[in-house]
Ligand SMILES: Cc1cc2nc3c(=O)[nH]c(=O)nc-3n(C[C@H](O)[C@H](O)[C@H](O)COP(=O)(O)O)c2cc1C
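In structure tokens, one chain follows: the form predicted alone.
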Amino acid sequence: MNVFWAPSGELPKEASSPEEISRFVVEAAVHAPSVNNTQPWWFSTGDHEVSVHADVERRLRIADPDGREMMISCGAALFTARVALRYLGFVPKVHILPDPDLPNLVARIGYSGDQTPTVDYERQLFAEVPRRRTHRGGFDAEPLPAGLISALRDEASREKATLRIMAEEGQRGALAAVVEAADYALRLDAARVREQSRWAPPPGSPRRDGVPPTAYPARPDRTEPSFPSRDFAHGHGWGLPPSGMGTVPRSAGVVAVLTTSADRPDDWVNAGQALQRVLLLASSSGATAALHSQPLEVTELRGFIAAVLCDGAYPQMVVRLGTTGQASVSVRRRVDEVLL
């Protein structure tokens, strides 16, 4: 079933029962971004209900001991499920972390049998679910569309998060230095390198998770200021060939930090929802995003970002936004693997 084919506002024939609606929603939700493409989620269904669960077996135990990045990933899947339900005309009713005795139950999403028409904005977001890709490099010199940054800030705020733009040169330089310092530090940690390498399958791998060589450049782009990407190839030379376009170094794009006012599991889930909302709207305007979580995995560096660049708010993701002609291909697990 291709969930991205049916005309919006019309319930696809493949989604005419609660079971088929659930499958439709989950098939969209698995396209959400996740740290190292671990896809740390599974889904269950009930009577007019879809539940999102965190799959702790896929948590990065060394890089993400508290599960913060795992819950952000699940939040992104949760928002994507909401978009899919709205595409079908349903009004989702979300309860985040509804059961204290089930801490890995991220959310229950209920929907009634009544349908309300979708609007252009909702159809637009749904159309971007399969198109959105995480970029891992520099950007072209072209500016982003006028008004997009303001709109993205508004999108983040709708999910109880703040997209803080690093507009000043000093802010951009400081954040770049922190990302670079974190990247160097993590590369010196043998346990972290081994953990990351487990999520970097080689060319031709049949795996449908992790970051494949079709999703990152073989030769990392140099940006100004420098925002290094994670080294998934580990010296093997894997990755996409250079595009041969643009100047060197390339633009770092618009630099931002996504923050929340508190730092509890529900804030992490909301940060994931805000992140996916921002990414989908950016994609609909021809922009793409590069994500950096390296400095947020180092307690001291995360604290520095919070205190110096974010007015004490809690940083959840470093985001760069721009345009690029370089295409990448990711992988996703099949619905039957995650819908129980």
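Everything numeric in this text was worked out from a predicted model, so none of it was measured. We number the residues from 1 along the sequence you see.
If you look for the form predicted in complex with this ligand, you will not find it shown, but the lines that follow are about it.
Looking at 169 to 177, 78 to 86, 127 to 135, 200 to 208, which lies within 4.5 angstroms of this ligand in the predicted bound form, counting heavy atoms?
Looking at the other structure, the answer is 127 to 135.
Do all of 153, 165 and 305 end up near this ligand in the predicted bound form, with near meaning a heavy atom within 4.5 Å?
No, none of the three is in contact.
Can residue 35 be called a contact residue for this ligand in the predicted bound form at 4.5 Å between heavy atoms?
Residue 35: contacts this ligand in the predicted bound form.
Taking this ligand as it sits in the predicted bound form, is residue 72 near enough to touch it, meaning that at least one heavy atom pair lies within 4.5 angstroms?
Yes, contact at 4.5 Å.
Does residue 59 reach this ligand in the predicted bound form if we count a contact as any heavy atom within 4.5 Å?
Residue-level check for residue 59: no, no contact with this ligand.
Consider residue 294 of the chain shown here, and say whether it contacts this ligand in the predicted bound form, taking contact as heavy atoms within 4.5 Å.
So residue 294 counts as contacting this ligand.
Quick one: which residues from 206 to 233 get a non-hydrogen atom within 4.5 Å of this ligand in the predicted bound form?
Contacts from 206 to 233: 211, 230, 232.
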